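First comes one chain, alone, set out as structure tokens in the form predicted on its own.
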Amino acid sequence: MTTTSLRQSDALVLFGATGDLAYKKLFPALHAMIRNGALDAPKVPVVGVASAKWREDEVRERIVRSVGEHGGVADSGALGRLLAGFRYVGGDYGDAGVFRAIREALPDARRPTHYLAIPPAMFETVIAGLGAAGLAENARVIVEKPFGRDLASARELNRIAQAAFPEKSIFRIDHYLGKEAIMNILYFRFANSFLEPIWNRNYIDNVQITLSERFGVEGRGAFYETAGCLRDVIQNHLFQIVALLAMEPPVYRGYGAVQDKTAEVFRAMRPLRPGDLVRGQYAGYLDEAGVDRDSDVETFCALRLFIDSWRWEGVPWFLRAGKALAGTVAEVLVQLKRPPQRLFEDSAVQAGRANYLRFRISPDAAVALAARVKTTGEEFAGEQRELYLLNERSGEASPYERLLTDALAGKGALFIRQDAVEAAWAVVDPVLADRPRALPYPRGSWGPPDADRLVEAHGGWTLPEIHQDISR
């Protein structure tokens, strides 16, 4: 697809350089970008900024460990170029001297990109500091999710960002959109003509999306207490998948058209009611470090969603996500309706599901179409089989590598626009305060049994095949 891009950035300023995200994802991504030629280091310098008053050599040692642990096989040349162009600025984000030091570290930069890998509470301070120091001019900013905690805070966050940067220069990053399997959903939908005639309420019975993790919060209890599954996973990751599946065809070959259509899906979503939602909490969560002993934060969430549009009127979308579940897997199942007339004997007692299309996102990316075929013999009896396309390839760019490359190039295709963020929050806002209590569920299950009632009229939840587990 074509796209209108900003000019290539000539510097990257990474706020939160000593944090967990930078260590596990961002420095390995920068190393890969240099190795693959997507980042011209040290010509394009990287300035790490953090409130930790570390020495620069300590941060450099941390970068080496980061690439060694999370970057695959280290390329000594790429790592050397990353370190050659790296500078570190430590100090209080509220200190104007920090921003003067950043400017001094970038004497020749005219189009820097600022990555805010910091808590949202610090956004206003940092953005104000960038503006006051003249570092926002001709620059762009990357904002890590979460984009607010509700509709009101999302609007305030957008107001803060737009106080210094125009909307086209604000890149709201959700790493899920950088996954190859997620991008393939958009491609598969609109690159194949056979789907369009059946991709509507006349042929699709329901859509189920599952994102499950076998592990628990694993030391991130304090963070999870501020988020919960609905905010942390469903309102962003799963809603983005819904948008790609439900959107109307873009009207021109441009990424702006894709963003227009995804925002339309969010605006068409019916606001949730308490009866559309089941919340759960795995046994043992209250014993996790940093968790309130009386916490009602959900580690599992299932919901029923409707999109009030011509294409999707009356089709339920069932979403579920959670921790400490039966396995680590992410997939979409688009359930087709049964044939209107049952001509064959085995149709009347047909077990299992009707035809479906399945998008496996992880642990292995794949697309599968299920269809019934006749078994050998004189009887008209059959079985359902999958036509299975494995789409996993070695050497694929990681989500952060892909998204950082696009942000530095000024391509906004895989980033989220302000109106889409606010429209998505408007869907979940009604149940953030008025919500059912979190129900207990055992580790290794598929969540509380009450989640089954959401889908009982449509044959129940599909149980994804779990071949292996993957880590975050």
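Just so you know, these numbers come straight off a predicted model, no measurement behind them. Start at 1 with the first residue shown and count on from there.
If you look for the form predicted in complex with a small molecule, you will not find it shown, but the lines that follow are about it.
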So in the model of the complex, does any heavy atom of Tyr176 sit within 4.5 Å of the small molecule? yes
Evaluate Val233 for contact with the small molecule in the model of the complex, applying a 4.5 angstroms cut-off between non-hydrogen atoms, and reply yes or no. yes
With the partner left out here, check for me: in the model of the complex, does some heavy atom of His237 sit within 4.5 Å of the small molecule? yes
Examine Glu401 and determine whether its closest non-hydrogen atom to the small molecule in the model of the complex is within 4.5 angstroms. no
Please pick out the stretch from 76-84, 198-206, 225-233, 265-273 that is in contact with the small molecule in the model of the complex, where contact means heavy atoms within 4.5 Å. 225-233
Which one, Arg220, Lys261, Arg304, Arg358, lies within 4.5 Å of the small molecule in the model of the complex by heavy atoms? Arg220
Counting any non-hydrogen atom inside 4.5 Å, which residue from Tyr388, Tyr187, Phe215, Trp310 sits next to the small molecule in the model of the complex? Phe215
